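Before any questions on binding or motion, here is one chain by itself as structure tokens, the form predicted on its own.
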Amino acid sequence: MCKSCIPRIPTDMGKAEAFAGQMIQTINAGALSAMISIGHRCRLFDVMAAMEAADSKTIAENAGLNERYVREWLGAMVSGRIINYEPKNQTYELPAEHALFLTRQAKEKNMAAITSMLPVWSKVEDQIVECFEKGGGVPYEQYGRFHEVMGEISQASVGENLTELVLPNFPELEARLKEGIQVLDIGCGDGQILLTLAQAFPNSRFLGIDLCEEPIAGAQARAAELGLKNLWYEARDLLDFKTIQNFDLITAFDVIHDLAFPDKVLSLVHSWLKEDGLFLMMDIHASSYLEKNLDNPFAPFLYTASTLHCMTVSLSQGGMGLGTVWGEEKASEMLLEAGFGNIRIERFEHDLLDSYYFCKK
């Protein structure tokens, strides 16, 4: 072992032991996150939220799952203090206070949905390690069901909240949507947000664009099933997008920081807007400066998201690699450089992760 690799001897064993305890908590939390993701995907939390205390056999039957796996999963949930256990009757109960943050009914409060992102990211760990050694990035197509997980998270945090909680704060924009305007959503993913908007505002016309064909195909199928005549999707590169008409409203939900060339796209967005148009950009609530993020409760998650997905996907295309935590300072700077002279940043109580940028020319 090289001399520089020999660890220094700790001088405060109390601090060392405290950190060992912190690491045990971290390991347990990481393991629980994986099990919470499984519980979410198997709808166990949703099933248990609607039940009284029950044994593992009853829970498994109600969920349509294998009892042996459910019982072992329950062991993790009980020891992780997520589900209550009564030893005498061997029954399990999901407290209502916990269900508030673990079930699909909770919508934007459902943190179990977010844990499903961790297994998606872990599948590319080998490629990420290689990037640490050689540079470059991991392309989007390596991430399997990422668009499915991201679509669920986005729909829960934005979805109906956009029409019920956000837009009512901007009556002029809401009135224009009701009257009928041209709307473009860039990086629309599986298109669920646009589906909600198209249903809420039938007089407006909506176009969603995303680079990946698989989520676009699914979005087109859902729009057809619903019989929506005011909604279209296209799979294409934004840098190659040409339009003969400008838009009244352009939206981007948690997408700009992922792009290879966000500066170019923001300039294009500015050029695609009508003179009285609005660009609504939802992106991560954070600072561009690490020291200002230390009190952000989601900071470790956000920097992890950046390393394992957002930054590396951009770098895989030879892009800027802005990363998840590009921050409000950098975002405002880039919006100004793109030509937006009127930028208003808002936070909404229902959304713990994001800031909303309302930008005009």
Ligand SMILES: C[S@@+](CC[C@H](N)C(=O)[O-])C[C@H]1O[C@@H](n2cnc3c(N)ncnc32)[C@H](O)[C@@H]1O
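These numbers come from a predicted model, not from an experiment. All residue numbers are counted from 1 along the displayed sequence.
Keep in mind the form predicted in complex with this ligand is missing from the figure; the text below concerns it.
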Joint contact, Gly187, Cys212 and Leu238 to this ligand in the predicted bound form, by non-hydrogen atom at 4.5 Å: yes
Just give me the single entry in Thr115, Gln220, Ser154, Ser204 that has a non-hydrogen atom within 4.5 angstroms of this ligand in the predicted bound form. Ser154
Among the candidate residues Leu266, Val255, Leu102, Val183, which is the single one with a non-hydrogen atom no more than 4.5 Å from this ligand in the predicted bound form? Val255
This ligand in the predicted bound form: contacting segment from 140-148, 118-126, 242-250, 71-79, heavy atom within 4.5 Å: 140-148
My question is simply whether Ile284 lines the interface with this ligand in the predicted bound form - judged by any non-hydrogen atom within 4.5 Å. no
Is there a heavy atom of Ile83 lying 4.5 Å or less from a heavy atom of this ligand in the predicted bound form? no
Leu94, heavy atom within 4.5 angstroms of this ligand in the predicted bound form: no
Heavy atoms within 4.5 Å of this ligand in the predicted bound form: does Leu231 have any? no
